[in-house]
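The chain that follows stands alone, in the form predicted alone, written as structure tokens.
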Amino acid sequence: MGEKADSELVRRQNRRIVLDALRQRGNLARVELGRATGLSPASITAISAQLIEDKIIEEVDEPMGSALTGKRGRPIVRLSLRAEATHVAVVKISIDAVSMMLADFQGRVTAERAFRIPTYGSEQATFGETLAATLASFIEEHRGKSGVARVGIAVQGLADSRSGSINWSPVFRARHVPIAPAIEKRLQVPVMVVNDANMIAEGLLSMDRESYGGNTAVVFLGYGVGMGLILNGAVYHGATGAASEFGHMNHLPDGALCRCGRKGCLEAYAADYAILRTAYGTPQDEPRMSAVDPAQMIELMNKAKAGDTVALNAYEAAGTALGFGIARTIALLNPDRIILAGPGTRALELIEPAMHRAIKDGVVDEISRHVTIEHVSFDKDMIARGTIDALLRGLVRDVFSQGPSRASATHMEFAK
């Protein structure tokens, strides 16, 4: 009995290894797949045959040829994830706005739409139902009765992955807003509620695991300030999904009021609303709860670039707060990389001088000199990419690696 169980475990692990390789590397010939996974030709043949039979992967003909000669050779048969094997839904919640998208098994977005849904003034008990109804309608419009396999909800703030609720977010006045239960009841599929900065970290891993798969801290700059942590090649979520609340570390005791209700948080100096508050001389005890118009931030950025002293001082204050926060992160974790991401990076040239001065003042050079600091272009939606990747990776782990009986049952469940 033990030998049979061990054999079954190995078979499941090998299925998962093959599917993960195709997700990360794209279409591969069987011999390429063998080299990528280290599995024997016999194992690749057996596993791929079963996955094709289960309609999880498929064979595709791709032309061979030389880019130099322009000649096309005989086609080569490669294995590909079957796009229609499953679909997932992603929901991003921001202040009084929600965006939804669908993605296939290859990770390609197949439908996307933005909705104006009041969040900040919504009732704790009813928002989940409202969101569930809107999502169900969106899915039915684009997927009909086929539905989706899983749903991911990404939001700024403290997302409790165990209860599926948002314990605190600047998006809501209310606290402990239940999200997952209403959607799970309506759609009959698992729902994960996650912090958006963690999903940026997931997106970086899906984009380039070789570069970011060690120890990386991802700092989000924009409507808020957040962090996603990659430790030993995996995103660290903490016990409840609330790990690395970088923006709500204290920067100055009894300082500027943060949207979380506490004083002196790093976010209260480096988020969009905080930079505007400093630039316009708004009292530091007046947090801005409405969404910041991106055009307003671009206008302020252009003023600073033109030499406006007040605007420059606001970005300097943001850079100082950010730099001291990064210095603490470096001293605590000794990461390989610090990645700056989000729309706030469009003003990075204004923030960086003060940021680097603060890092130099905040941590000894012997620790910081080996840390690479870089940024990801603000026009890349890493939150969506990371959430899609996390959902698909979970499906591979929990469903498609389990074998034909589980996969078949799942296909039937999705088609209800």
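Note that the structure is a prediction, hence the values are computed from the model and not measured. Numbers for residues come from their place in the sequence shown, where the first is 1.
Keep in mind the form predicted in complex with a further copy of the same chain is missing from the figure; the text below concerns it.
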Worksheet item: Which of 120-128, 322-330, 137-145, 98-106 has heavy atoms within 4.5 Å of a further copy of the same chain in the predicted bound form?
Response: 322-330
Worksheet item: With a 4.5 Å heavy atom cut-off, would you call T86 a contact of a further copy of the same chain in the predicted bound form?
Response: no
Worksheet item: Taking 4.5 angstroms as the cut-off for heavy atoms, does R277 touch a further copy of the same chain in the predicted bound form?
Response: no
Discussion item. Taking a further copy of the same chain as it sits in the predicted bound form, is H248 near enough to touch it, meaning that at least one heavy atom pair lies within 4.5 angstroms?
Written reply: yes
Worksheet item: Closest heavy atom of N334 to a further copy of the same chain in the predicted bound form, within 4.5 Å or not?
Response: yes
Worksheet, complete the sentence: a further copy of the same chain in the predicted bound form has a heavy atom of only one listed residue within 4.5 Å, and of K360, R30, K55, K380 that residue is K360
Worksheet item: Even though a further copy of the same chain is not shown here, does it sit in the predicted bound form so that R162, R175 and N215 each have a heavy atom within 4.5 Å?
Response: yes
Worksheet item: Going by a further copy of the same chain in the predicted bound form, which residues of 352-371 come within 4.5 Å of it through any heavy atom?
Response: K360, D361, G362, V363, V364, D365, E366, I367, R369, H370
